[in-house]
Ligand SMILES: NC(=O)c1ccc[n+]([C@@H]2O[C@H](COP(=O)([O-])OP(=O)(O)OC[C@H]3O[C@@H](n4cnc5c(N)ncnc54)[C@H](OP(=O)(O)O)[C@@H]3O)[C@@H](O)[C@H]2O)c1
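To begin, one chain is listed below as structure tokens, in the form predicted alone.
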Amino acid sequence: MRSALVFGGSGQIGVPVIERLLADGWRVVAVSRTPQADRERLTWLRGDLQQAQGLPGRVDAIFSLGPLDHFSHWYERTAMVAPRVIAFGSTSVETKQDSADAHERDIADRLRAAESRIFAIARERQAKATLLRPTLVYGAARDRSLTEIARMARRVGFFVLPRGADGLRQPVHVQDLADATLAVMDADAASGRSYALPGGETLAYAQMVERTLASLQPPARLIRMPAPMFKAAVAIAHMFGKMQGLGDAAVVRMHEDLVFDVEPAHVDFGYAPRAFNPTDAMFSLSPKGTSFVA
């Protein structure tokens, strides 16, 4: 029976990854800052990448599904033996490297440094490391993009975008990311490489938002307005603590194409993500605060 250590197992990608591991017969030790219930072949430890007690000395694979920079420093410090390491980063390493926002450029720099650190340590330890970079994630009602848009639209019945917000996007479902995580595990060609994991459909930003709004029950309406009016609307949302992640740089990117090639992941480990067909449940948290719809 193969064994895994999972960081970020209670997150939006981690939940389906753990379900896949258990379904495939793995024994899993997962780390979470909040209490979680043990199950057959699943043991939860309280802690995080800074402090976790009771970690095994050896596992067949380490899966990092949380902040990549924090994981890279943990991996540098640990003496744990693991021949396979699979960690999630972000396509922000590319899309934000030339951002006008200094904070976003810093994110890209830290992601790039973390990737380099992980690969270098893995080589020293003769381990096989793979980095996965998803695009815009949806499907668990825990993302800060489409789910936030859906929540705002539910309250008022509409959502606004600036005219020209037609940059191309490839939203990716969390289950496709979980499937990719397990598929890459035994793919020798993926060792020492990083892969973009886009969704299976490329569509304009406004079209993506409109399809999201149409999936809601009841559906919400998309309103497109001149850029100055939209900027004023965002400022009002910020006053009420909403859409905090929607800064000027993010608005500029709505007009830009952020498209990634699925072919390397498809060739090396059969990655074949679904088209973007959202449902209301994908943007709705359950009473327990979690949601996952395949």
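Don't overthink the numbering: it's just position in the shown sequence, from 1. This one's a predicted model, so the numbers in the text were calculated from it and none came from an experiment.
Not on display, but discussed next: the form predicted in complex with this ligand.
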Is G89 a contact residue for this ligand in the predicted bound form, using a 4.5 Å heavy atom cut-off? yes
Heavy atom of K128 within 4.5 Å of this ligand in the predicted bound form: no
Should T212 be classed as touching this ligand in the predicted bound form when contacts are defined as heavy atoms within 4.5 Å? no
Check whether G11 has any heavy atom within 4.5 Å of a heavy atom of this ligand in the predicted bound form, and answer yes or no. yes
Among 65-73, 250-258, 224-232, 265-273, the stretch whose residues bring a heavy atom within 4.5 Å of this ligand in the predicted bound form is 65-73
Of these, A196, V137, A178, A141, which has a heavy atom no more than 4.5 Å from this ligand in the predicted bound form? V137
Work out which of R33, R41, R58, H238 lies within 4.5 Å of this ligand in the predicted bound form, going by heavy atoms. R33
